[in-house]
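One chain is shown next in structure tokens, namely the form predicted alone.
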């Protein structure tokens, strides 16, 4: 069994690491200062400028097919990149990406939505979650009623990432309520100019999702993505696409935070000795590394399965659950090691504390991952010890 990286994967990882060190890490003090003022860590213009700089040396569209100007990287390499980006709290992502289900668009829709989104000229959001349909996504109630050649969308979506900035939304709506979401939902490409509005949701972390409101919003049939009744299939494809990337970023956050704890433990003295001499501190550091490395292997295994073309859903759920819970425990210990300083807003630890709590909720809660894992085993979809 080979655990090593290819020369190309190592080179890409090191290039991203160098970019983080040179371009992002110097911005961290300003990000913390902005966070204390309740401002975003990067403005849209600053993010675009950094993305353009990365594009200059070839980093554009990590998962985007080469025919659209992207890198079309394998899943393992993408996971490595997300881990490197997790080592900084500057909220940066590489440009050139579009929602994976936008590739189901027809030629007209590709010109209007897909290509401008890849270029960064348009901003999308994916809208399925509703006030009464979070983990139970099949309980959506937003409807689309046929009216001639158009559809009238009515209802509310909530906790929508990019919902405040997006100029169009990919909306999953019920077109056949009697058939339910699984058989009677459809995906629509809905411009903000068509009439939907958004309202920001203030959270405990840096993320600011939105509620989206639709009041008889008229959408032409030409804006259906895929076919009528295919909304659930597209939604599940969107949700499952990058589940292993969230814990990949968690691994990077834990790496950086644990490194801070090790350094602080060796330099902070109490009662005439470094706190690293205390067994209580040593055990927190040891447990953190143990859990960090276990999560890393689960992430890379899930990504490897994606690359082999195997069904990676079970492995991705294990990676998501392991990474999300791991990083929360690690950050809690790192804060404890730092004592009072860890609780202040002079260090990024309390910011991470608020940020990573979301990892256990979005893109599938801990409870949903456990449900998936148990169901797969109990129903015989997978076997214990199957590698």
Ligand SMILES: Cc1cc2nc3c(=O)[nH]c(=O)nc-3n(C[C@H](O)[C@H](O)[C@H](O)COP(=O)(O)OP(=O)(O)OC[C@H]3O[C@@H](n4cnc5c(N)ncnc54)[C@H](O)[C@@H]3O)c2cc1C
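Numbering follows the first chain given and starts at 1. Keep in mind that this is a model prediction, so the values were computed, not measured.
One more form of this protein, predicted in complex with this ligand, exists but is not displayed; see below.
S.K.: Among 102-110, 77-85, 155-163, 291-299, mark the stretch whose residues have heavy atoms within 4.5 Å of this ligand in the predicted complex.
M.R.: Among the listed stretches, the partner-contacting one is 155-163.
S.K.: Every residue in 126, 134 and 367 with a non-hydrogen atom within 4.5 Å of this ligand in the predicted complex?
M.R.: Yes, each of 126, 134 and 367 comes within 4.5 Å of this ligand in the predicted complex.
S.K.: Quick check on residue 358: any heavy atom within 4.5 Å of this ligand in the predicted complex?
M.R.: Yes, residue 358 is a contact residue.
S.K.: Taking the shortest heavy atom distance, is residue 362 within 4.5 Å of this ligand in the predicted complex?
M.R.: Residue 362: contacts this ligand in the predicted complex.
S.K.: Looking at the partner-bound form in the predicted complex, is residue 207 within 4.5 Å of this ligand by any heavy atom?
M.R.: Result yes; residue 207 sits at the interface with this ligand in the predicted complex.
S.K.: Give a yes/no on whether residue 373 approaches this ligand to within 4.5 Å in the predicted complex, heavy atoms considered.
M.R.: Outside the cut-off, so no.
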